[in-house]
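Take a look at this one chain, the form predicted on its own, written out in structure tokens.
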């Protein structure tokens, strides 16, 4: 298998490992947190592997920095995808699907609130852009909207059989997102299992953790709402490490302590423990999951001849962009006391 992998995808693995080695180190983050303006941030970024991504820009803003970081990732991803062959090309498409789901949910929510389509398209993540997105604006009925959003897009295969246009308009956008994401995760998990070998071992671990994270965060976010147990179960991925009994129990809990008890039994109790950091208590449940996810994705590079490095690279690069934007927002809003509340990536 290693000989076949090297013959078909060894070059792309080497390129991706090179991309990963060019990510920001701890010393780079220290330099960014010492900046006093966005201009200083951009100068520091240009001294890293990001290069002169701002060379043609004269006006500086957080939105511009976020856009240029996204373009950099998109160019690197497209280079890998352009040189890939099946089944790697199919694997890379699976990496894009979550961003497509987020873009679709963003457009539906925005149009429901009468936001201009041009502005919404600018807010879409570049990895999740596809041609049919713009067709959402011209839909004039529930049937047309259902077809434009789901049936005529790459997301069609993630629609459950009992999901019809009548129910699509009636339910909340976040439930639509959750249902699609559950189908996506289960489909991706099965696809990676079918690949076998090291790819299966690495990816099933990563996707299993992602499934459990979604179950727990959906449960916690649903506590102050009137979301029913049935609606929660529709959004719970079943490909994680949480057993069916834990899923059913979490779908019915109504207080935070009960969620903690179930998660503690399932091995996720540490996520609810207090973490000592110098950020005035800014750390939250999502941040704790992101810390573990970053560690898992870095560890995937310890093995060779598998597709997991491509998945982990995109995840780590997204987290790096999130950290840079957090630092930029703190500097822009003069909240420098919170500038160190980014998620550390253990690359050093």
Partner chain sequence: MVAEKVEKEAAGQLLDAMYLDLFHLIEEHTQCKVNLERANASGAILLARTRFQAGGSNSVSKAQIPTENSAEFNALCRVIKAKDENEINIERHAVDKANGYVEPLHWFSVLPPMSLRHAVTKFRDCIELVAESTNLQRQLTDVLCWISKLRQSVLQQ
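We call the rigid core whatever largest set of C-alpha positions still superposes within 1.5 Å between the two forms. The structure displayed is predicted, hence computed values, not measured ones. Positions refer to the first chain, counted from 1.
Here the subject shifts to the form predicted together with its partner chain, a form of this protein not shown in this document.
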item: Its partner chain: the contacting residue among 225, 75, 241, 90 in the predicted complex [heavy atom, 4.5 Å]; value: 225
item: Option touching its partner chain, based on a heavy atom within 4.5 Å in the predicted complex, out of 290, 32, 298, 42; value: 290
item: 4.5 Å heavy atom contact, residue 115 and its partner chain in the predicted complex; value: yes
item: Close approach of residue 221 to its partner chain in the predicted complex, 4.5 Å, heavy atom; value: yes
item: In the predicted complex, residue 110 touching its partner chain (heavy atom, 4.5 Å); value: yes
item: Residue 286, heavy atom within 4.5 angstroms of its partner chain in the predicted complex; value: yes
item: Proximity to its partner chain in the predicted complex (heavy atom, within 4.5 Å), stretch among 153-161, 117-125, 82-90, 199-207; value: 117-125
item: Its partner chain in the predicted complex reached by all of 105, 173 and 330, non-hydrogen atom within 4.5 Å; value: yes
item: Within 315-335, the residues that have a heavy atom no more than 4.5 Å from its partner chain in the predicted complex; value: 322, 323, 326, 329, 330, 333, 335
item: CA of residue 119, rigid core aligned, shift of 2 Å or more between this form and the one not shown; value: yes
